[in-house]
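Okay, so here's just one chain, in structure tokens, the form predicted alone.
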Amino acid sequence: MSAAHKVLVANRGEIAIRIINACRKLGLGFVAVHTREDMHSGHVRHARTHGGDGAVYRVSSYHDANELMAVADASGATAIHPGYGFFAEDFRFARRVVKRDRPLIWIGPSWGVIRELGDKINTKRLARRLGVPTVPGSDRPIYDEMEAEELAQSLFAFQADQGFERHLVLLKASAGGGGMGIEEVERMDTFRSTYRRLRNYAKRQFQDSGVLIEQRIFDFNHLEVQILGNRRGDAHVHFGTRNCTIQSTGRQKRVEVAPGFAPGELTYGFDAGKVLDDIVEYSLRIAKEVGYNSVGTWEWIVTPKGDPFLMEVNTRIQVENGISGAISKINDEGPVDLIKEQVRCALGEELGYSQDDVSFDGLSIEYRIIAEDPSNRFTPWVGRIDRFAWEEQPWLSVLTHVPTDEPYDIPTEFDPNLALAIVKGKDLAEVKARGVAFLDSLVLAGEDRAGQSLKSNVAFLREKTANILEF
């Protein structure tokens, strides 16, 4: 890998800081961008401190591909890291990056892989072909009423077999999007009329009457598998599992734990160790089939009976990659910086180790600290942060773009995410105790324009810590 590489960090906030740190560890140049609203963000200060004024460019929007390309050319960048969100899973942008007149290295899966796995129906078909269990339902639009009814009956039977208290089947217009064209059916005797109504709606609205029929599963655990592939996509390792079941009412993650279950410390109604082994094997099976060539996350749901089903593949670095790195070692050295590994492989270095060289130790929790009101459907809070501090600990890492030495106005243009706190412990009892100790030591204060005190999810996070990894 050449130190002459320079990475354009095409993102903001804490992920931009983490990418910059990975570049610094590898001796790489970098350039960061920011909008007018983000000029006081910590990622801007971090880039300027470690790269000088020439490492910071202002853009009008993080969503403007032309501006990002212009910054890459003006700064002499040779690669782009999209972080998460924005362009991270946009195969068209990734394709443009590598096919332009002055090609750049895309630090992520190749655009063809993003396109293949970004299509959930295509991913479901691929998984089924490989014998990987997926959420029951159709993997193609259903146009025939009798076929639709047979499928719905099988889904209701599945729910009865799993012992779900509430039975529900989802009907989705296959050509819809953005939440449009979705109906819920609770009983078979209303299925036909709902199916017909949705078909007619889809025909009028989208010029396609196809309907997807899917399972709705309640009371599940949400697990993930972290995988890394080399640039050629012919060598793969995994960095364990995570549990992301603690979420907001809008299904947004709030607490993540690695590994995904604790079979040695908690009792489950199924063989939790086998479930973890199975979802890792299934995920690697797909990664090898498609030649996955970067960091990626395989998302799973596990039912109360211990049956795992693949939901989707996230073809990017995840917010919670840090807890997988925290419990991982390569050749007995850890923690592992997964962003560093992703960048290193993207720039052409060999993986340099096999699965036998990767080991795991302890548990790790990630708290997403957010200015929001959990008692009011997690409504975002907007205002000024006046005080933000915590007690430094050897088992704690706090990742934030919020300055701790001066007031900070939360930009209204973005989600009010304030920080990620990663806590490490040797076992479940220790990591929970340390998590509570951190949250209790946290100083977070501010007010909005009306003089009302800051609202945050810290108390919610503390409450949920008591039952992490329980099912």
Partner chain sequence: MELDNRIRKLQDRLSYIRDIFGDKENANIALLQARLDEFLTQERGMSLADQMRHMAQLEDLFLFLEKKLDAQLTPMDRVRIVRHPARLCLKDILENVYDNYTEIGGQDEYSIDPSMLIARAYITRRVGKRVINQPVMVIGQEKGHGQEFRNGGSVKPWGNAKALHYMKVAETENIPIHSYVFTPGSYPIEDYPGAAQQIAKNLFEMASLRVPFVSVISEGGSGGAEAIALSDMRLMLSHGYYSVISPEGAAAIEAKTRQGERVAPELIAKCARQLKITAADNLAMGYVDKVIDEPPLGARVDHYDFYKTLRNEMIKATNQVILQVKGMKLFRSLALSERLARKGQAVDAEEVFVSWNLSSKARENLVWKRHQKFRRLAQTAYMDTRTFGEKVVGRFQGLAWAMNSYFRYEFLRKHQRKIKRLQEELEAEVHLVRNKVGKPIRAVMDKFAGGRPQTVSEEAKTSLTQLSKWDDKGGLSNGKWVYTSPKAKEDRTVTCPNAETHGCLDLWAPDLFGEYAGVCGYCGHHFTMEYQWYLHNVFDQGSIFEFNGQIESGNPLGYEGFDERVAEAKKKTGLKSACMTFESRIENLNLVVAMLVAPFRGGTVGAAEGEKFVRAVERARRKHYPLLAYVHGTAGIRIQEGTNGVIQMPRCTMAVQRYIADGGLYLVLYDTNSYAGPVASFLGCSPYQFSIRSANIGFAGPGVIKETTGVDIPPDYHQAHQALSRGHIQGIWDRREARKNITQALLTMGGRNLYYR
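Here the structure is a predicted model, which means the values were calculated and not measured. Numbering follows the first chain given and starts at 1.
Here the subject shifts to the form predicted in complex with its partner chain, a form of this protein not shown in this document.
- Contact with its partner chain in the predicted bound form, defined as a heavy atom within 4.5 Å, is made by all three of 64, 99 and 134.
- The stretch that touches its partner chain in the predicted bound form, counting heavy atoms within 4.5 Å, is 56 to 64, out of 56 to 64, 419 to 427, 398 to 406, 432 to 440.
- Interface residue among 285, 384, 128, 274, judged by heavy atoms within 4.5 Å of its partner chain in the predicted bound form: 128.
- This chain is drawn without its partner chain; in the predicted bound form, the residue among 333, 361, 161, 184 with a heavy atom within 4.5 Å of it is 161.
- Using a 4.5 angstroms threshold between heavy atoms, residue 138 counts as touching its partner chain in the predicted bound form.
- Taking the partner from elsewhere, residue 340 is found to have every heavy atom lying beyond 4.5 Å of its partner chain in the predicted bound form.
- Residue contact check for residue 113: none of its heavy atoms lie within 4.5 Å of its partner chain in the predicted bound form.
- Within this chain, residue 121 lines the site of its partner chain in the predicted bound form, having a heavy atom no more than 4.5 Å away.
- Of all the residues from 383 to 408, none has a non-hydrogen atom no more than 4.5 Å from its partner chain in the predicted bound form.
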